[in-house]
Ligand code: HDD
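Okay, so here's just one chain, in structure tokens, the form predicted on its own.
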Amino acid sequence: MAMSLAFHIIFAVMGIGMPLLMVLAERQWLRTRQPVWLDLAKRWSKGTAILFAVGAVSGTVLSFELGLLWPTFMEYAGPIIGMPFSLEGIAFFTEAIFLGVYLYGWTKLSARAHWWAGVAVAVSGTVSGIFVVFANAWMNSPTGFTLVDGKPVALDPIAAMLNPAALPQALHMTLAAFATTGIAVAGIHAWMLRKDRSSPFHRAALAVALWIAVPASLLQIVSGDLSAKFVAKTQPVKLAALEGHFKTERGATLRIGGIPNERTRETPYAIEIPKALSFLAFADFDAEVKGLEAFPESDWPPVAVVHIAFQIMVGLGSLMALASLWVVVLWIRKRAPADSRPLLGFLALLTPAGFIAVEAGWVVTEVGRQPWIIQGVMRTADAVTPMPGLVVPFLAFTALYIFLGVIVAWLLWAQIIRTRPA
């Protein structure tokens, strides 16, 4: 399941970001009638179609895995969180319908009607992702039911869907999708511009990619702060694991880097900033932050894994924000980012950064909640299928995903980069 999610989330992220890119490019064409914008919109629409197709396949696999691998969880949680999954299905089919209209309607619709079809693709794709995150947020903050003799009763699917974690998680993931897609696309075209600085196609593509990457990357700092404060309030053991924080203390130290050692209950090799963790978690330099020692070891997640994943996510997100600030400075000085060779090199290096940060972020979310699949309600060990002998299907699916990944990379390169711009 983890491997399937790691593969699928790449396409989910691109499925949210790419439609917005193609819509912005077509909007520029409607405004200027310059052929480069139309060519760009058509190229990106092909990339969106490829990503949508593979994302649909990998998403379907996940829906089967939920039933096959997590039968107890689905029996328990299905009636409670069925609503966001159903609404996600509606949004997904809406996206599919309008993507078909968009792809085959270039000569059959008016220019503005065609653009609005693209807007429908972008909106429904984003909404689809939000509904999935709502379901996942419920696992971190379960609401909308009452427990009687260990069974959920008085179900309220709307309250479950709009659980306290829904807004911070959905905001954080949506911004991550836009920032990741924008930085990745900007990085690819920045690399091409280092070879040919005068290319109008790559200059236009870089400009549009930065239009979504810059605000999303900068707003992600605010979103991350909101998410961290929510975790501090509702999942203190997860916060302690994220920070490699073992001892309860006031004026808690923030640790950057380091490798937590559960045996010695220390985090050596970390850069320590006194009182910073208390301030970041509770907006109070002297606030008490509970350490892992305040909780039974049976409730600890794998501390080193969670801490390192969190450091990777924050570190790469900070680099993306730094690149965005660099772009803002150039815009203020009325200089084109495409004319800054150092920035182009930095963006090219950051091409995979968003994807790595997203993968690390989902490790933080899912592994950081362990040993619970539903926080405080159901343990993962009680929810998973007892079926043995899953090694062969696991290896088969892994090989299939690697094959699909290679094919998708080749198709995107052939459709968007390799062919000569019109």
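Everything quoted here is computed from the prediction, not taken from an experiment. One rule holds for the numbers: they count along the sequence shown, beginning at 1.
Heads up, the form predicted together with the ligand isn't pictured, but that's what we're talking about next.
With the ligand omitted here, the record of contacts in the predicted bound form names 310 to 318 of 335 to 343, 310 to 318, 198 to 206, 106 to 114, defined by a heavy atom within 4.5 Å. Interface membership of Gly258, defined by any non-hydrogen atom within 4.5 Å of the ligand in the predicted bound form, is ruled out.
Contact check for Ala228: a non-hydrogen atom falls within 4.5 Å of the ligand in the predicted bound form.
Under a 4.5 angstroms non-hydrogen atom cutoff, the ligand in the predicted bound form lacks Ser324 among its neighbouring residues.
Shown alone here, Leu147 lies farther than 4.5 Å from the ligand in the predicted bound form, counting heavy atoms only. The candidate site formed by Ile188, Val214 and Thr351 is entirely out of contact with the ligand in the predicted bound form, as no residue has a non-hydrogen atom within 4.5 angstroms of it. Residues Gly354, Ala357, Val358, Gly361, Trp362, Val364, Thr365 are the members of 335 to 373 with a non-hydrogen atom no more than 4.5 angstroms from the ligand in the predicted bound form.
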